[in-house]
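Heads up, the chain below is alone and in the form predicted alone; it's given as structure tokens.
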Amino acid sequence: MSTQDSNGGPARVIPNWESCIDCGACEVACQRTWDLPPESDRIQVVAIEHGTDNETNKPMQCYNCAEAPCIDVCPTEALHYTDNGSVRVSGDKCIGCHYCGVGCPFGAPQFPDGEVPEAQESEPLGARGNGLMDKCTTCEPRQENDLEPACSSECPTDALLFGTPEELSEKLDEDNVSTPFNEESAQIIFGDDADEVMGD
């Protein structure tokens, strides 16, 4: 397991879509770990091609993109990169304008009305609720204790992979599955490391 201090780019959680069984364990793990309200969507299992014979369910959350569109469109610089390359939101700068929600191609930004307990800490990892932006933090405090993010740690089918681009590539190869991203999405998420994950 890698942490944010590993070489090869920041560690991220990505889905192995072929393994998701729509059990919702990732959603529960996230809410329980951070004492979030049930309606929290820092990670959510969404239906793709809903109502068709090809309908499948996929876990979706913030990928802490290397070329994050949310940062580009934020008018108050509330969104920024940390020293390790992850994307964070400063609750005291967010004005809840939703530009980040429009700019993100993955639906990651959330705007909860209720309080976000995690954000009450002295160094908030998210917004403070009340309609301000909140999103997955890749369980930064857990990583600091050498633990994987709660969602990937508790997924019963390994449908959520955690690691650096190099490690994610190795895991996808081991499972003999392709990356869930197209080239455009991979470039946004991994930047210069996109080829590492996409393979040949």
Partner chain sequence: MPTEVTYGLPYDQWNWRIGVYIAMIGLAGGAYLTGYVADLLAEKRDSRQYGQVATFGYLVGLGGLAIGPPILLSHLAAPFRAMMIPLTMTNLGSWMSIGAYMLMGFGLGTTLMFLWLAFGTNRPHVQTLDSSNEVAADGGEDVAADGGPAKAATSDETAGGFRGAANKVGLMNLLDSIADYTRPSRRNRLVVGALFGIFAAGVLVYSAMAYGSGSTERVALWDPTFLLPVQILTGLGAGLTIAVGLAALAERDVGRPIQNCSLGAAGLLAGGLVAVLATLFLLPEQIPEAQPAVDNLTSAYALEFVGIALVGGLLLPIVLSIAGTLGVRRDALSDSGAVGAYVAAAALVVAGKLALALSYLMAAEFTPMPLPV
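Bear in mind the structure is a predicted one, so any value in this text is a computation, not a measurement. Numbering follows the first chain given and starts at 1.
The same protein has a further form, the form predicted in complex with the partner chain, not shown here; the description that follows concerns it.
- For the candidate set 136, 26, 168, 132, a heavy atom within 4.5 Å of the partner chain in the model of the complex is found for exactly one residue, namely 132.
- 60 is the sole member of 36, 150, 172, 60 with a non-hydrogen atom lying within 4.5 angstroms of the partner chain in the model of the complex.
- Using a 4.5 Å cutoff between non-hydrogen atoms, residue 72 counts as a contact of the partner chain in the model of the complex.
- Under a 4.5 angstroms non-hydrogen atom cutoff, the partner chain in the model of the complex has residue 93 among its neighbouring residues.
- Heavy atoms of residue 176 never reach within 4.5 Å of the partner chain in the model of the complex, leaving it off the interface.
- Although the partner is absent here, residue 84 sits far enough away that none of its heavy atoms falls within 4.5 Å of the partner chain in the model of the complex.
- Here the chain stands by itself, but in the model of the complex one stretch of 141 to 149, 154 to 162, 63 to 71, 28 to 36, 63 to 71, has heavy atoms within 4.5 Å of the partner chain.
- In the model of the complex, the partner chain lies within 4.5 angstroms of at least one heavy atom of each of the following residues of 85 to 111: 91, 92, 93, 94, 95, 96, 97, 98, 99, 101, 102, 103, 105, 106, 107, in sequence order.
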